[in-house]
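Read the single chain below, which is given as structure tokens and is the form predicted on its own.
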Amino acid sequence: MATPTDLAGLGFQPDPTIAEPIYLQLATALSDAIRVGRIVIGARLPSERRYAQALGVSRTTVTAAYQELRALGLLRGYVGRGAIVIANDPDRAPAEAIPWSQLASRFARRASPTSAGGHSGLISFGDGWLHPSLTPRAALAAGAARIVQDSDALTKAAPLRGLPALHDALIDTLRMNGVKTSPGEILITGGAQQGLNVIARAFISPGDAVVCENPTWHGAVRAFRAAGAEVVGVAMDHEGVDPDALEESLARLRPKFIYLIPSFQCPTGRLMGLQRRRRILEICARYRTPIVESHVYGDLAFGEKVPSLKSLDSTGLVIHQGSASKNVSAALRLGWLVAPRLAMDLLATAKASLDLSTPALTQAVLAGFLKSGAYARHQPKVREALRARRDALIAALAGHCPDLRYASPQGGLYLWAQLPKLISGHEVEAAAAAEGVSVRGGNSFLTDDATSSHIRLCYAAPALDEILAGAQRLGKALRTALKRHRGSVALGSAFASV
């Protein structure tokens, strides 16, 4: 393999005083050097990590610069060989300089978790949705029937920031949870995930740092990294993010914001206590660091609710995120952001670059569901049903997966289980799929490349009467993974003794 080209002679120095982002400064310097022949066709550029260290910039800055050169047709990435210069003129780049698979981002290339898609009789602990039986179908159907009689709901687009009727309904619902807001502080999104993409587009520039729990919801990590952020995970304890570790990260990184799921966190199911929440707010206020609070599971408490960070926030630090998908219906792909007005202007502008209107029909259905009191009547029922599923899962795991270790979640959808030593979440995910039960290996929720020794089990996704059979299948998969691992260790020992 060719030695990477030494780029020290280019003399590139990032200039933070000019408006052009550093990654574009670097891309320009490299493309100019390629055009004049200082970097020749066939040259291999340094790895992103090594070059970033040499320049004293973040790796995401170098990654973004290399992506610009790929888009110009000057550079191509080869597995095992790195980034190779393939042309010196974008206008005369060879046709094969545009292989779409090579242009795919590192997020698009990331392998999907192993699943048993198409497996007859699959029992799912892997999905993060409510089972259809937990959806208030009659109330939603009645509301939808009323809405379709309104010609405006069928013919007119909703305003960019959302349907006024839904704003009004959310204001009342949020007020019952201690969050005081107004229509000018609410933005309706196409689900919680779009809300994360909007936040990323509104606030992140390549090279910015974002701090979050580790592990955390992988959709957030992908959204932030796709915008060019360096995502840094902070260790957790039984109550969520560690305050001391968080403060150290704020002091060291000065991140653009932190992202937290304080209530029944995905994937761990952990609940942050009231005193911990107040301490987190105090730390972030001291460092003037905004908080993005995902509250999508906050109403699913099996006991007394803990106040949201937004309801405790007196300084305007918190952007609060909610969703109808996790506690009403997966079919209602609706979310909302509650933010200070100055932040809301930026968020609305960012949303306009993604779509101009979230569907008015589903917004009207949710507005009617909230206003009619159906949501208030639904919540105790869904919480009781989820508690029953949690208890059924814990009882089934005790009988069929005795080697798993876990804490009983106090709400939400997920149980986070530690595996026996020697096996990884990825191994169990694959073995479980072969047995007809889906789980989520913990690797996909980590913010780094470490190997996880956990799996996430969603007790909301299967039918109640499927949970026992699912645990039996999972137990068989665990035994298979342990047997396979012990066999490979014994084989390795045998070869070592030869």
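A residue's number is simply how far along the shown sequence it sits, counting from 1. Since the model is a prediction, treat every value here as computed from it, not as a measurement.
Not pictured, yet referred to below: the form predicted in complex with a small molecule.
Colleague: With the partner removed from view, which of 133-141, 187-195, 373-381, 302-310 is the stretch that lies within 4.5 Å of the small molecule in the model of the complex, judged by heavy atom distances?
Modeller: Going through the listed ranges, the match is 187-195.
Colleague: I'd like to know whether V296 contacts the small molecule in the model of the complex, with contact meaning heavy atoms within 4.5 angstroms.
Modeller: So V296 counts as contacting the small molecule.
Colleague: If you check in the model of the complex, is I261 within 4.5 Å of the small molecule, heavy atoms only?
Modeller: Yes.
Colleague: Indicate whether C266 is a 4.5 Å heavy atom neighbour of the small molecule in the model of the complex.
Modeller: C266: yes, in contact with the small molecule in the model of the complex.
Colleague: Give a yes or no for W217: in the model of the complex, does one of its heavy atoms lie within 4.5 Å of a heavy atom belonging to the small molecule?
Modeller: Taking the distances in the model of the complex, the answer for W217 is yes, it comes within 4.5 Å of the small molecule.
Colleague: Of the residues R76, R333, R387, R201, which one places a heavy atom within 4.5 Å of the small molecule in the model of the complex?
Modeller: Exactly one listed residue reaches within 4.5 Å, namely R333.
Colleague: Have a look at T289, T173, S424, S325 for me and say which one sits with a heavy atom within 4.5 Å of the small molecule in the model of the complex.
Modeller: Selected residue: S325.
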